[in-house]
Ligand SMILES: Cc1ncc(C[n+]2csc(CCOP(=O)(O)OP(=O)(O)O)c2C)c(N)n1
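This document opens with one chain alone, in structure tokens, the form predicted alone.
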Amino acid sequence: MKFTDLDGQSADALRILAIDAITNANSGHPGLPLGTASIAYALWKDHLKFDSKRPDWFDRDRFVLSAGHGSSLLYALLHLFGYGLPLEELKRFRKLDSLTPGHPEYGRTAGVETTTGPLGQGFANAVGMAMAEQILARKFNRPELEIIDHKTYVLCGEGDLMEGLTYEAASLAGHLKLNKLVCLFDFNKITIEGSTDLAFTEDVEKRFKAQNWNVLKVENGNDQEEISRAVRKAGKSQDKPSLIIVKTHIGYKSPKQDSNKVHGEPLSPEEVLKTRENLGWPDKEPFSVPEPIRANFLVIASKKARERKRWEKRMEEYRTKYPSDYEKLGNFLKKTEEIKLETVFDQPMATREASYKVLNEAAEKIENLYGGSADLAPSTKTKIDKYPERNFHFGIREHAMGAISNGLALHGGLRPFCSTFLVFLDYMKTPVRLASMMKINPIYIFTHDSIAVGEDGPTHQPVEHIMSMRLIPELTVLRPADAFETKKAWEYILRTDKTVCLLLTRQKLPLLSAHRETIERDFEKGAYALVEKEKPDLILIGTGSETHIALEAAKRLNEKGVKTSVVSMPSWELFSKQPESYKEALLKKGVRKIVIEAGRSTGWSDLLGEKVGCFGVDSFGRSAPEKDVYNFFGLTGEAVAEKIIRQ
């Protein structure tokens, strides 16, 4: 499509609104919006499939601003294309509770596909979105009737591509031949500290070609026709994702063009006026956009909306021709499932093994349950046996695995899970944190959850990890004590729209067979009594595998005349949401309490709201057989009981 002067002015309108928002807030990043407005406008006008009145339309193209610091550009796009983002909200950029926060936040602003800001996350999220589209298209499209056919576009900068995460994610994207993934790379050779030559001199083109990407170049980042031609060519790729390297000028037409100063420092009012003058912008009034330019955006948006209407007609035809597939697609688009799991357990087993059995039962009932591991499925027990096509092989890429799983969840249509050893949470904590922030529900499975890893030693024994997870707002941590609790954990996970981490053991654990009814009734309260004494002297609280240590210690203490109750606490987060009456009835304020958990003890008194004792692991672990390590740290029923009696 030919671009006109009006199109150039429309790109400038994006620039003006973006820098006005930043200068008005006296905070933000003007460099990227000024440098990439022509890229964004050409993409949205000529290629992006969207309906601004229906931002959740399933077959829309996804646009991910991986360089989330350039958020004011995205807000200008959403405002002018009619997403219902009022001009007043641009004036409230970076203000408390505005719809225009400093970095894009999923769920706050219509049209924002994912929360970005930590560099590289959006790029990897986009890989997950493209994976979801590829899987669903193969499953539901018919030769004469394609109902899932959309692209995922990413706008990123050098900062994104310096992050190791994008190496991991790009490698997997190329391997999977995600040809509907297109990344537009804002190549301006500037970062906060100065020229990228300070730290980033690799040949990006060769790097991506080596990762099986199609690479295109645009010499002038303000030539909308050149940009559009490159995007069109990328869209024709049959077997590779595409990277379009677009040469740009950071802070284009501002007095600070091509300077690192324009990356993250607002332009002064005088510099904004000079930028207007350099752009030939007719109006000096902040946030003013001439009516013909506003009308141009709305005309484009109106034309774009027609595609959704055509798609709805195709969907009606699909429903008529393929009613069972239409119904199945509707089921795939559900974010949660209420199911009763019937897996039978009759012998001691590791909770990872119990989870494997439950996962495979769930996979029979929930067809869109897909997932995998970071090359550890034989150990994490996360293979779906009957449906190998539903297993992902993320490779040894924990960070990318977490962020890609977020993208899969954000796209919709699949319920993703991913897994690794708990000690490797550190490689992927940012995706877990962002999932919690976005309130999305990928399933994170972490096995080998304690010093019971044994011989592999302290490098593989998580110690600080469990408590650190409890510090992440909105995250629910589940650490079941046996197979029955594991089954209940999965029922909760499949039903919730919250972010959940499931922590599982390497070692075998006894079955809490005598407590099955209690587990069935009370598991989702987060904590409940396994042994309940009237007017107890002591309450032992166990989590996960250490619940069995609490039971053994309580038995010995009760035999010694110390009236000891035992509470299983598979989830502090679920327990914390219970009524105060339940908490008081269970934990009885004033009664001595001791927590047993094979991890850092710091924090338990804060979590439970009163001073409690702890048996934990407050140093790094040891390399030895599991039982020897537990003995070394005094984590046995006998050692716990003896120490309590001595105290």
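Numbering starts at 1 and follows the sequence shown. Please read these numbers as outputs of a predicted model, since none were measured by experiment.
If you look for the form predicted in complex with the ligand, you will not find it shown, but the lines that follow are about it.
A.B. asks: Counting only non-hydrogen atoms and a 4.5 Å threshold, tell me whether 119, 163 and 188 all contact the ligand in the model of the complex.
C.D. replies: Spot residues vs the ligand: full contact, yes.
A.B. asks: Can residue 271 be called a contact residue for the ligand in the model of the complex at 4.5 Å between heavy atoms?
C.D. replies: No - in the model of the complex, heavy atoms of residue 271 and the ligand never come within 4.5 Å of each other.
A.B. asks: Do residue 64 and the ligand share at least one heavy atom pair within 4.5 Å in the model of the complex?
C.D. replies: Because no heavy atom of residue 64 falls inside 4.5 Å of the ligand in the model of the complex, the answer is no.
A.B. asks: Considering non-hydrogen atoms and a 4.5 Å limit, does the ligand approach residue 352 in the model of the complex?
C.D. replies: Looking in the model of the complex, residue contacts with the ligand do not include residue 352, since no heavy atom lies within 4.5 Å.
A.B. asks: Even though the partner isn't displayed, in the model of the complex is residue 469 close enough to the ligand, meaning a heavy atom within 4.5 Å?
C.D. replies: No, residue 469 is distant from the partner.
A.B. asks: Please pick, from 60, 69, 593, 45, the one residue with any non-hydrogen atom lying within 4.5 angstroms of the ligand in the model of the complex.
C.D. replies: Among 60, 69, 593, 45, a heavy atom within 4.5 Å of the ligand in the model of the complex occurs only for 69.
A.B. asks: Just one of 263, 487, 381, 180 has a heavy atom within 4.5 angstroms of the ligand in the model of the complex, so which one?
C.D. replies: Comparing distances to the ligand in the model of the complex, the residue within 4.5 Å is 263.
A.B. asks: Please identify, from 111-119, 361-369, 172-180, 295-303, the stretch that has a heavy atom within 4.5 Å of the ligand in the model of the complex.
C.D. replies: Contact criterion met by 111-119 only.
A.B. asks: So which bits of 157-182 sit within 4.5 Å of the ligand in the model of the complex, heavy atoms only?
C.D. replies: Counting only heavy atoms within 4.5 Å of the ligand in the model of the complex, the contacting residues of 157-182 are 157, 158, 159, 160, 163.
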